[in-house]
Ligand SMILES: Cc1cc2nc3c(=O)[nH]c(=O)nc-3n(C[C@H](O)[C@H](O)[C@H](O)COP(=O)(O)OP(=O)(O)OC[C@H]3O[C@@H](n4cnc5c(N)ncnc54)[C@H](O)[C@@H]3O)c2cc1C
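One chain comes next, on its own, written out as structure tokens in the form predicted on its own.
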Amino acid sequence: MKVDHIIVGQGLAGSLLAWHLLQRGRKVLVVDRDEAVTSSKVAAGLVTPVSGQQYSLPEGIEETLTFAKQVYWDIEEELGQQYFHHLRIARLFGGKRDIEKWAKRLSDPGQKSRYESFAEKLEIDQSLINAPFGGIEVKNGGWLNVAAFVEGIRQYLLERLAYAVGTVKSRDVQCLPNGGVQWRNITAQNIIFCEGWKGVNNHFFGRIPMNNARGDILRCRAKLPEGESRIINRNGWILPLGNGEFRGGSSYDHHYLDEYPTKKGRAEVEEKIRVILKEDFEVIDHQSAIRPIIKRSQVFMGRHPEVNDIVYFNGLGSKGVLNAPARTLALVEHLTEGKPVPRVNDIQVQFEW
């Protein structure tokens, strides 16, 4: 069998990569372990434009966000499903320091209009929500149902004979003398490893320092303000699902043993939910998975410096839903048009080999 590209892993990265390549007429084969627990199948999928403890609004986020939403909308149109949900975010201040941090953002004449375009004064029902210091309502946020999205892409690939269940070990990939690669009986121009946290075991890319983190997410039931659909954030977050149910998260553990839920992880998330909710809640499900994180939580990609047809794409982490569409396009343009990989994401530039 001969294809243009073998893609290893069908998480969010592999799914978007396969989609873009197929749209350009390329023949792909996605090989995935089809595991029940992966970061993409468990991920919260949140898009929070104003983020972090410093209430930062990254440069270029306007373009990144617009492009991401357009990509998800295009895929939804093609597949006839909705995966991305446009929601505002109730960002609660934790104290006077948070109020001061936000005031400082607005005091910068060069940035004030940008921040005001993404946020406005918060109004929230404080009979059920702990918001003694108020907060801001962040616009242009939302969440992607990543598990449903990945499954939709999988069905799309199956219909085009572009998906296979299997385990690709990096040492089983052969580089052909005249260019290209071979895995089992399949040859391709190149192979792209989108393995998430399991990329730590790939012998081609062992020098890329990963700092993966296990995260727990709970599905709960509680009394919430009537009609409240916003994501509510205060260190942790809750995502209302309707009928009193919500997802809440998340923990962040770099010292994990495996991807399975732990009592410690559950307790950490429960505490974050208690900071937000005044009423007690019932836990009805507990999931966890491992986020693929590389330095500065950035996405990294590119060709192996010594083996040109071995390609890397990893590190989506907790901001994957926002960043993945634009980063994927950059890699696709490199593979199909020969455009340079952005230096900030290029593994040949950012790491010593």
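Owing to the predicted nature of the structure, the values given are computational and were not obtained by experimental measurement. From 1 onward, residues are counted along the sequence shown.
The protein also exists as the form predicted together with the ligand; that form is not presented, and the subsequent description refers to it.
Student: Quick check on this chain: which one of G302, P49, P325, G317 has a heavy atom within 4.5 Å of the ligand in the model of the complex?
Tutor: Result of the distance check: G317.
Student: Test of understanding: in the model of the complex, would G166 fall inside 4.5 Å of the ligand by heavy atoms?
Tutor: Flag for G166 set to yes.
Student: Check D98 for me: does it contact the ligand in the model of the complex (non-hydrogen atoms, 4.5 angstroms)?
Tutor: D98: no contact with the ligand in the model of the complex.
Student: Answer yes if any heavy atom of R26 is within 4.5 Å of a heavy atom of the ligand in the model of the complex; otherwise answer no.
Tutor: Judged by the heavy-atom cut-off of 4.5 Å, R26 is well away from the ligand in the model of the complex.
Student: Verify the contact flag for R230: yes if a non-hydrogen atom of it lies within 4.5 Å of a non-hydrogen atom of the ligand in the model of the complex, no if not.
Tutor: Looking in the model of the complex, residue contacts with the ligand do not include R230, since no heavy atom lies within 4.5 Å.
Student: Which one of these stretches, 277 to 285, 133 to 141, 111 to 119, 188 to 196, sits within 4.5 Å of the ligand in the model of the complex when only heavy atoms are counted?
Tutor: Comparing against the ligand in the model of the complex, the contact stretch is 188 to 196.
Student: Would you give me the residues of 285 to 301 that have any heavy atom within 4.5 Å of the ligand in the model of the complex, in order from first to last?
Tutor: Residues within 4.5 Å: A289, I290, R291, P292.
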